[in-house]
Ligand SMILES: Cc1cc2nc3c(=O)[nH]c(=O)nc-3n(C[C@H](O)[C@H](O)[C@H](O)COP(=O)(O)OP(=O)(O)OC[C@H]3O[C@@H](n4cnc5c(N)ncnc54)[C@H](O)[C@@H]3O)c2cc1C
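Presented as structure tokens, the chain that follows is alone, the form predicted on its own.
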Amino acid sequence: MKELKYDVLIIGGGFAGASTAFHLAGKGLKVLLVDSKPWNRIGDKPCGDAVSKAHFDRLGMPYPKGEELENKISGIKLYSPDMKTVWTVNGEGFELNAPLYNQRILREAESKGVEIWDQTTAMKPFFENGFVKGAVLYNRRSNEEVAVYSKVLVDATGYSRSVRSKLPQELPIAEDLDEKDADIAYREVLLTRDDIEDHDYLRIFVTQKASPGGYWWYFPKGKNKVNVGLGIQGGMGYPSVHVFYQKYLDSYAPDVDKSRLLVKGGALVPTRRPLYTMVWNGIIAVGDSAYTVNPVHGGGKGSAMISGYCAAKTILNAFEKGDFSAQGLWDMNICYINEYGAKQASLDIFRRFLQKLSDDDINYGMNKKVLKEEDLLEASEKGDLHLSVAEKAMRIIAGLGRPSLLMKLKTVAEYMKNIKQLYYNYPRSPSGLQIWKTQVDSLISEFNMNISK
């Protein structure tokens, strides 16, 4: 078997892997990125394809252009289950041709020295003396296995988690995913019979009946093309996502021409807080493999880009210090938590609350303003939910018909604040991880009990 050595081996070329490579490119390291798909399909993942403009600005990533940009977004319209209440949350974003943009980022990284192999699969990681030392790769182009050794391996393999899942299960980074902390998603891209009204606004339909534990989306990709789909909570014994799609498509996308289907596909989406640690000796996990998806709306491209940025920053620091141990890579956790992870953990609490609500609760809460647009905006932007004394009093009047809903909202606000603070107090070394993890688990268990009363 041929043996090769690289400073960094990135397995997976989707948004997280490509972002990592982009930020490492031209920095003097020997970097190899591999992806199992052929070049023209890298980055092709079933998804809503919407990304906030703020992520590009914060991370210094180039804006999509030309055919990469299918639609400019002005905001989101959120519909109550009975469709009688519609909230509008404004905010700039992009509806992408995700593969084209993803491939452009990879080409830019390649032009600065990153080596890229398509049609290449990671067979198994090398794990020696407690360290990940690289992986055995199978290249379908050359029909050969190659042993690639690295100082740092980046697992960007998405929800399959195909590298870290093959590590010894006692390692913290080998943490598994509870099915209930994931959504099963399915979407199709279709042409519409007529031009879409307000095509610069994404539409989200919250309904336990038609998408239990998740929601339907209708994301215009222009004036007469739309990405439409849904996610349902896993591990609950619900019927197949395809059953819900076929049954309710006409309700949420009555204007699509079903004979003009362009793309279809499904995926498992982790919808929880991030991994307790995204690093261990010689390895960093990013993107879906590290559970970086927003727990409430299921969007993962922006947070994947954040994880790639933090991974690259951490790797460069590790090479400066010559330390590739868990401690040497620990800054990855701190960076990600400060940038997004603390908010994500807070939104995990909010997600658990929303999944417990009935359609009647949601209709009542939105219509009577017990739940407000500002709540959604504050939660999505900051992971916070603040209720002042005056605000509580006003909502008590509004929520007289359902006092339990207001009490639950108050409980949610408190636990969101508490878990966010706990994440900001993340341990500064691996030695403190187990105690901190126990505190997080205890807080979530306590919340689950309180919210179920």
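Position 1 is the first residue in the sequence shown; the rest follow in order. All figures in this text were calculated on a predicted structure; none of them were measured in a lab.
Although it is not shown, the form predicted together with the ligand is what the next lines describe.
Of the candidates N281, S162, Q208, N363, S162 is the one whose heavy atoms come within 4.5 Å of the ligand in the model of the complex; the others do not. The partner is absent here; in the model of the complex, the one residue of V146, A267, A253, V296 having a heavy atom within 4.5 Å of the ligand is A267. Heavy atoms of I232 never reach within 4.5 Å of the ligand in the model of the complex, leaving it off the interface. For the chain shown alone, N333 is not a contact residue for the ligand in the model of the complex, no non-hydrogen atom being within 4.5 angstroms. By the criterion of a heavy atom within 4.5 Å, D49 is counted among the residues contacting the ligand in the model of the complex.
In the model of the complex, T157 approaches the ligand with a heavy atom inside 4.5 Å. Residues placing heavy atoms within 4.5 Å of the ligand in the model of the complex fall in a single listed stretch, namely 34 to 42, out of 34 to 42, 411 to 419, 56 to 64, 424 to 432.
Within 4.5 Å of the ligand in the model of the complex, a heavy atom is found for all three of I11, A122 and R187. Although the ligand is not shown here, in the model of the complex the stretch 298 to 317 places heavy atoms of G298, G299, G300, K301, G302, A304 within 4.5 Å of it, in sequence order.
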